[in-house]
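Given next, in structure tokens, is a single chain: the form predicted on its own.
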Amino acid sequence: MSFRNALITLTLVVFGLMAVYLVWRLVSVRRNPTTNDPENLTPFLDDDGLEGPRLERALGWSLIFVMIVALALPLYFLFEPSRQDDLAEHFDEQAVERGAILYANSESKEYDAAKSLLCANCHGVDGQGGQAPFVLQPELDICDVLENQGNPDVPECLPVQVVWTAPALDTVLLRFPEEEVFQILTWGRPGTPMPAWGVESGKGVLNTQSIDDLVAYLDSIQISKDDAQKRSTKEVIAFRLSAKENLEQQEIGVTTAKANLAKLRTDPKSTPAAIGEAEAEVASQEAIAASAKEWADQVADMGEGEVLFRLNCARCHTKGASYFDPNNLALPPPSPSGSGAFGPNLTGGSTLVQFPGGAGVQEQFDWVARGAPANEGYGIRGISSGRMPYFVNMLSEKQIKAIVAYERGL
């Protein structure tokens, strides 16, 4: 039990005893016989009775209470300076607990069906990232024609279901200040699965305190800078390996589909419809395998800077990077790397214009590594919106330099 809770308990006990005493006095007065004699004629104790054991008891109790006050005052002055800090710490702990409930999903021990927002469904129970379903709406001009909308004969005008890669949140405060995380939670990310949660946005349900609670919870699960940099290095290796493994799986799929087709062709009980479906499956698997091979070859040719850009920057600077899947042939063609989306277009030498010359290399490194607060300048008359994450806590100096070199070559 904390000192604060102990004081509260002691106070409640004292008030309880006082209440019991008052009730006892009221009851005892009602039981005492009344007299018609004036109160000034009521006989009292004489001097010997007053100055005897009764006086000693009164003085004894007085001494006890004086000692309590004498001890309590130094204790009060001793603990008072830290009381506000303790209250702030206690409030922060409660904020984390409330934020954990808001973040949780049904797999979390903090889950509350009436309060939880299911953030963990997309970002992972431990905040290490995950996936979110999302529907891409057609954007071609021909899709503005009413007859083409939802028309199976015009497949490019049909909505496409994608799996959107949701970022890790156990490193979000290594990339953004708390103020920007608050803004993201309040206003969301238009055009992505990230909704606006704040009442201020006109679309959400959370007040300022609840948004702060979520930020407090995210702060409590942040990993260290060293762990974040180690994870980034492992992600580069995993990115290259996943492309190879995916190609191998799709080639196995082609082999399986062809074996199934051959079996059907030699089976006298096979129907033309079944054989036709098997042939279509072979063609589909071969198309997917060709797409997977093209992607694997592309990844194999990527330098470290391009891979790091793909993992850390493309989410904002390349349309479709968050949901690109070489196995999903229904997706629109991928946009050129760095051609812009939520963030600006970096191709065509635009970074060389913003950060010109040899000095610009260092300025661009500082921009990627540390960013700039909202409304602060960067590069050639650039004005920061505060939305650019900083990667000095996520990546090593060598890795940031590799990203800068790649961007300057776009």
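The model shown is predicted, which means the values in this text are computed figures rather than measured ones. In this text, residue numbers run from 1 along the sequence as written.
The next section is about a form of this same protein that is not shown, the form predicted in complex with a small molecule.
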Requested in this report: May I ask you to state whether Cys122 is within 4.5 Å of the small molecule in the model of the complex, using heavy atom distances?
Outcome: yes
Query raised in the report: So, in the model of the complex, is Gly343 in contact with the small molecule at a 4.5 angstroms heavy atom limit?
Result: yes
Query - Contact label in the model of the complex: Arg189 to the small molecule, heavy atom within 4.5 Å - result: yes
**Report entry** Touches the small molecule in the model of the complex: Pro167 (any heavy atom, 4.5 Å)
**Finding:** yes
Query raised in the report: in the model of the complex, does each residue in the set Asp126, Phe239 and Phe324 place a non-hydrogen atom within 4.5 angstroms of the small molecule?
Result: no
Query raised in the report: Among Ala243, Val162, Cys313, Ala95, which has any heavy atom within 4.5 Å of the small molecule in the model of the complex?
Result: Cys313
Requested in this report: Would you mind picking out the stretch of 71 to 79, 245 to 253, 169 to 177, 107 to 115 that comes within 4.5 angstroms of the small molecule in the model of the complex, counting non-hydrogen atoms?
Outcome: 169 to 177
